[in-house]
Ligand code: BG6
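The chain that follows stands alone, in the form predicted alone, written as structure tokens.
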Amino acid sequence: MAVNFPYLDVSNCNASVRVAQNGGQIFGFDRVGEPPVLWISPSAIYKSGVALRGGIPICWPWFGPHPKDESLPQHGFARIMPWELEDFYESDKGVTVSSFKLTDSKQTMNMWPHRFELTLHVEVSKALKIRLVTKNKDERPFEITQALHSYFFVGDIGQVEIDGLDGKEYVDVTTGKSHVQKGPLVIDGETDRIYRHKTTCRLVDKSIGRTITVEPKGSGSTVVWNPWKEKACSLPDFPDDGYRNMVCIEAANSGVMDDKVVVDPGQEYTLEKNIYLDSI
């Protein structure tokens, strides 16, 4: 793994986490003596200004393509901009906290004409806790969509199910049609779903024998994504068989079904995601 940008590598008695200056992106979370929690593509490009495939990219200030100008970066500019380390400390034994900041610049104003301050808080212990705080430093309100786009490592996608979505309405992005989830979600083909759902999900991985609990706050949508075989083969930074060992579960304000956030001048909005692990 040749990493061509600065990053923070934190280890304590419970776990380790790696956070890149490029995009403020978490690209590693490993508990001591256990399989990795996050999936990183073996073909990922570790280069400043390039979105890294895997980990937890920050999609901001828009999710997906720009609603009016598709020439602008997919999922916004936050994931390809350099962030600054703001703080780093141990709050308790085995609990390490860091924070990173991104603010408006001439470059960001050319893409999105608003003054802002974006702060990422990362707490690593046996759990991983993430907070993304948007502050409006402008003189007028602005609207955002956003996501903490987590790629989770799984032992075998064929032995995975996701609990917590039963009865929830979702949009199938592959068809544009709406459905209601029945029972646990099983991934057995290309999956790109946006659930109008903001409660806890559980990723049950029978091949590894663990559950990953994803607890969001401040989100209005849960996004689940796996490209499956055909699409994986078309992605240049994704191995052909990589879909077998990953699934994305994202806490988002996706823009779908009016899931948007308006931040008034001088106000803040916080999107959180807490990740816990247990044995089955």
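The structure presented is a predicted model; accordingly, all values stated were derived computationally and were not measured. We number the residues from 1 along the sequence you see.
Beyond what is shown, the protein has a form predicted in complex with the named molecule; the following relates to that form.
Stretch-level contact analysis of 198-206, 73-81, 98-106, 176-184 against the named molecule in the model of the complex, using heavy atoms and a 4.5 Å limit, identifies 73-81. Checked against the named molecule in the model of the complex, the candidates 210, 135, 149, 131 yield a single residue with a heavy atom inside 4.5 Å, and that residue is 149.
For the residues 117, 192, 156, 163, the 4.5 Å heavy atom test against the named molecule in the model of the complex is passed only by 192. Interface membership of residue 63, defined by any non-hydrogen atom within 4.5 Å of the named molecule in the model of the complex, is confirmed.
A residue is said to contact a partner when one of its heavy atoms sits within 4.5 Å of a partner heavy atom; residue 243 fails this definition for the named molecule in the model of the complex, lying far away. Contact check for residue 225: a heavy atom falls within 4.5 Å of the named molecule in the model of the complex. Heavy atoms of residue 229 never reach within 4.5 Å of the named molecule in the model of the complex, leaving it off the interface.
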